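Provided below as structure tokens are two forms of one protein chain, presented individually as structure 1 and structure 2.
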Structure 1
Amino acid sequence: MTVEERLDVSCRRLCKRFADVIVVDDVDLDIRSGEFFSLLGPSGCGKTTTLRMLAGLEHPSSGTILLGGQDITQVPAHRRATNLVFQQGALFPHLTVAENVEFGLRAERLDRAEARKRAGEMLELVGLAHLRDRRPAQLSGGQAQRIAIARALVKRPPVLLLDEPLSALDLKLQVHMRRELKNLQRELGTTFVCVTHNQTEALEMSDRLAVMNGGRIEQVGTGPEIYLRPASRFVASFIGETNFVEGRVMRGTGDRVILDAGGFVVEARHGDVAAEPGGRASVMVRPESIELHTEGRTGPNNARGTVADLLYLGNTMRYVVELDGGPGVTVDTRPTLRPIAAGTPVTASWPVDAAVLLPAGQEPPDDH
């Protein structure tokens, strides 16, 4: 089957307040037609509320929502072309699988035979045609979620919204369903907007993603952009393991900046971040970008320290290194049979490209 049209979705200055709490704060988004877009963030960051406003289930306190360039802010949910896959499926318990999938078609007064035919095709597509007469109570979690996806997709929406579609499934099924969702999206070409708190899920499935925190968008970009060039301390720490090195800016040259981090000198990529000489700044380095050397080294991005602890994690060997006069850093290396013993003096080194300057003046993020 094919989709008649795919559309882009935009939000302009979207805000949502519940009583005195601002849940979504001035969100601007441009989701391109045909892309798999994810809203990623910790619980309570406003991502689900944003999605529900796109679906029409929540009314924005202010701002506009555009679908294919048309203002749909005031259009109620049942008149919107978008369709939503609910977190735990929200299948109708009193209807069979087939009746669930037909529901949306019957709501738009499609005749019964046609609705049945299209629902049948959709069930084939998700591979569950043999369950058509079951009730939702008789389905496994994975089956229920596939039916929920089929129920939404059968209406051929120009934009499919997904609210934590995989969170109720066990890990193994999640991994499998990620691939399946991505393939489905590629096959249909429909615009997918997916809300998740799971960074692995977002990175694996999305063409682009937005990281949200405290009701605001922190950064929008592709997976590698977000992972390798985080725009904020929050994004850097929310996605993957991160080391932060604090220091005083000595000078900036071209797209590089040099920092004094106490016992050592850091040379980092500038990015778009302004760094005044003499001001304080932080630099992010991913654990896997750092190498440990037992011989002494000098120059920028070489920091001396001592191995404080080592943890074997299967596919990586993780060292915790106390830098001389500086913070502790985490270092991930390929495991070896003869790891460096705790207490050994080492030099931690990383390439300039792996050190990313972050904007100053931000509170360190709390747990996530």
Structure 2
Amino acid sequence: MTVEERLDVSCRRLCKRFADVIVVDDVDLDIRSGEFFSLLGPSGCGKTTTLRMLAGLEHPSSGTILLGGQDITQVPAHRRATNLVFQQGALFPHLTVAENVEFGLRAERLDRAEARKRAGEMLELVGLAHLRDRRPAQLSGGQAQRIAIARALVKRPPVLLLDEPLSALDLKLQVHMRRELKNLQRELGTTFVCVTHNQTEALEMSDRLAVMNGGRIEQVGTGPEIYLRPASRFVASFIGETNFVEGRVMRGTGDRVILDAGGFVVEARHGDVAAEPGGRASVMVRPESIELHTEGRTGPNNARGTVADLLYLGNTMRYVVELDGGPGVTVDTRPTLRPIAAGTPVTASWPVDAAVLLPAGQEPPDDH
């Protein structure tokens, strides 16, 4: 079996323009068969337009879309082997739950008994067979969204497309539905392609994800790869809380680089990022990777400062530390009954592997 045959969805140099505005810009993407894949990014980054092109609801300005190795770029939406689930589910209010799920099968003139059987099996799978005779108005938000997913899956598409499927639900229900959706995908083995702006949602559900910015894909990888080894400053900023330490490159040795951060020395992994001596550089350190010590310490990645503020967040104690001669950093630790008081001199320390050298890049907009 070739690599291409193991892919359900491939995009090659995919572009979409609206008048003079480029919304999706030269996107290359491969989505493997049977994986849960998410397109993640801020509003206006092109993720929904990309999904609509996969569904056939938008036509690319240029580029190619392959499904199972077959070119479907010009195939209309109703003839594609994909189904799309919208934010609101879009159930037919005059039909019962069972009739909603059967609708696509009946439209294809499937035998009534077979359509009823398959719909019943799908309702059992999503755990809502007991609601088969209810109308959509009698369902909760989570129930309605599960029915919409059942209606899309009952036709057994190789690829299910989901457009912000949980955004209309309250926070507690979102958490529950993330687990339900991932378990359903695993059980069926169907390829799911999900658009979301919710970082936690994408990290929890996805086998892999693509982070988009300005119509382009900044990075594709697993959640840990993107969180711990971001490919750009934008990705580092958009995914989770991040500290940036700016400095001037002193020297590089092997896969390490030494920076002068103006008052302390930083040693970081440089990966594939060029680090020329004398040049400016930025290092990312996640808040949970930093430890605070009330005694002085020396050596790289030991920065002296003062606790400026602290916030109790339940399972996390968040400290804001103003570094001597440098920027402030955020530090996340496990809460204790005796936290370090504001005004206390401290040393902020972190391991070399937690410090990642980043290429220059645009930070995300404030609405992410």
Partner chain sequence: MTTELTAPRAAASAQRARRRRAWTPYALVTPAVAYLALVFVTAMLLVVSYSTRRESTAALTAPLDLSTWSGYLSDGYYWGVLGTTLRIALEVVVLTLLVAYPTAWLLSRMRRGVRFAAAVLVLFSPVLVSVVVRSYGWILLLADNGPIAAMSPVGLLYHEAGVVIALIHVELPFAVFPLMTVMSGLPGRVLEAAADLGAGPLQRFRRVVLPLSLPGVVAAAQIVFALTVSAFATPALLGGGRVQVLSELIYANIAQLSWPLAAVQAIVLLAVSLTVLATFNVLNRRVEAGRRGGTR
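Not measured: the values here are computed from a predicted model. In this text, the rigid core denotes the largest set of C-alpha atoms whose superposition between the two forms falls within 1.5 Å. Residue positions are counted from 1 along structure 1's sequence.
- Of the two forms shown, the one predicted in complex with its partner chain is structure 1, not structure 2.
- With the core superposed, Q74 shows a C-alpha displacement below 2 Å between structures 1 and 2.
- Once the rigid core is used as the reference frame, the Cα position of D133 differs between structures 1 and 2 by 2 Å or more.
- Core-superposed comparison between structures 1 and 2: CA of R280 displaced by less than 2 Å.
- Fit the two forms on the rigid core and the C-alpha of A113 turns out 2.9 Å off between structures 1 and 2.
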